[in-house]
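We begin with a single chain expressed as structure tokens, specifically the form predicted alone.
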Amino acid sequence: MISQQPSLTERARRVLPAGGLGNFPPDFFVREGKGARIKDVNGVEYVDFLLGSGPLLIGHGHPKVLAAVNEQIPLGTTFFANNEHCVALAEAIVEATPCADQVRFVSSGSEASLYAMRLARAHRKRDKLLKFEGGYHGMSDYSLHSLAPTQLANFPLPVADSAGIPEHVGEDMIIAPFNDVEAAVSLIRENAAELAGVIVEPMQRLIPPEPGFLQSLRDITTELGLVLIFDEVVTGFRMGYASGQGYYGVTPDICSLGKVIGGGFSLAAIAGRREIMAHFDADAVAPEDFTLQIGTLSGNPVASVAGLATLNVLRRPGTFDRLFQIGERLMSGLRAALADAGVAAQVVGEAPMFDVVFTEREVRNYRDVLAADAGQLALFNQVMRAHGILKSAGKHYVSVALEERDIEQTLCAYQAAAKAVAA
């Protein structure tokens, strides 16, 4: 009798909690990616709007990235010491990013935002931070408060998003509603004596800031001497070569960067004003003001050359114009498909990153998204997958690698998905 070999899903469930990596649904296995498309282990091809959760803005296996990486790997993959490529990448980030005088590399966006918050505490000599409900700043204990609460609390009370977070951590987090200038300014002013700073995504997940919102945060933090942090792990080098701060025209004190700057490899960064970044330099500050940061793979040469190659592609004339043209065409097509099907929904976001929210009301903050029809979104995503479109549960990441056939396939999938939701 021939014994049956366990499936890949069964093998994964034996050795991985819940059978996966904690990211995407665990029954989906990717074999390869090229340009704007991926193939699963069964050889089924998809137009990819997941993009590895965003890093692959110029597509999978871009020849410039592959060439840079293949040239570096025989020379060494990591050294735990300076290398010329991390310096060149830091120079490129400083040149492009309005708030950046200096850069410190880490390996993940979670680390970058964690250290950005720690820098704010060191600089201000205060413990508390204000964040916005629904804002995602990585996996640290401080970040995981009121990211996606199902039981809503009154502002400014935080809600822990995970087991294992000490209760006392929440005492140093103040929660405000996104896009509500009056509430945010009031809470900042009320708690100014204890606040180190304010952390915000310039575009919160998919929700753009309303006119004047970010500038109001800049004005009040400047007035009170607080540190303003932009979490640009997602928006960095995606909204334009000057990132979200350039796109929206508001400059923070420090920012966290990730995803795009690593070109598909593990690399992230904190970038900011020299006097704040000085806390990473033991020779520049008093011993009690030194902020310790060490990472085994931080700024390794492979990730650095991949990031440099990616930024070199993005800085080509017309690259971001094309990205926005593609995104705007897709957003318009999605709106048209929903309208033709008579489905009440909002297409939310900006051209490089957007999705549909099934609600009749304007989407201004997390609570508007929470009140939307999750069942309709799940059906929409299911039909999209059946028509060869891969996306996350609540986001399209747009790539400059998308070709006309990819766009046309996506627009046709929108029509099918909208009709399925309307049925």
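One-based numbering along the sequence shown. Just so it is clear, the structure is predicted and the values come from calculations on it, not from any experiment.
FYI, the form predicted together with a small molecule isn't displayed, but the following is about it.
Comparing 184-192, 168-176, 344-352, 131-139 against the small molecule in the model of the complex, the single stretch with non-hydrogen atoms within 4.5 angstroms of it is 131-139. Among Val234, Ala303, Ile229, Val106, the residue placing a heavy atom within 4.5 Å of the small molecule in the model of the complex is Val234. For the options Ser110, Thr221, Gln245, Ser298, the residue carrying a heavy atom within 4.5 angstroms of the small molecule in the model of the complex is Ser110. Taking non-hydrogen atoms only, His145 never approaches the small molecule to within 4.5 angstroms in the model of the complex. In the model of the complex, at least one heavy atom of Arg205 sits within 4.5 Å of the small molecule.
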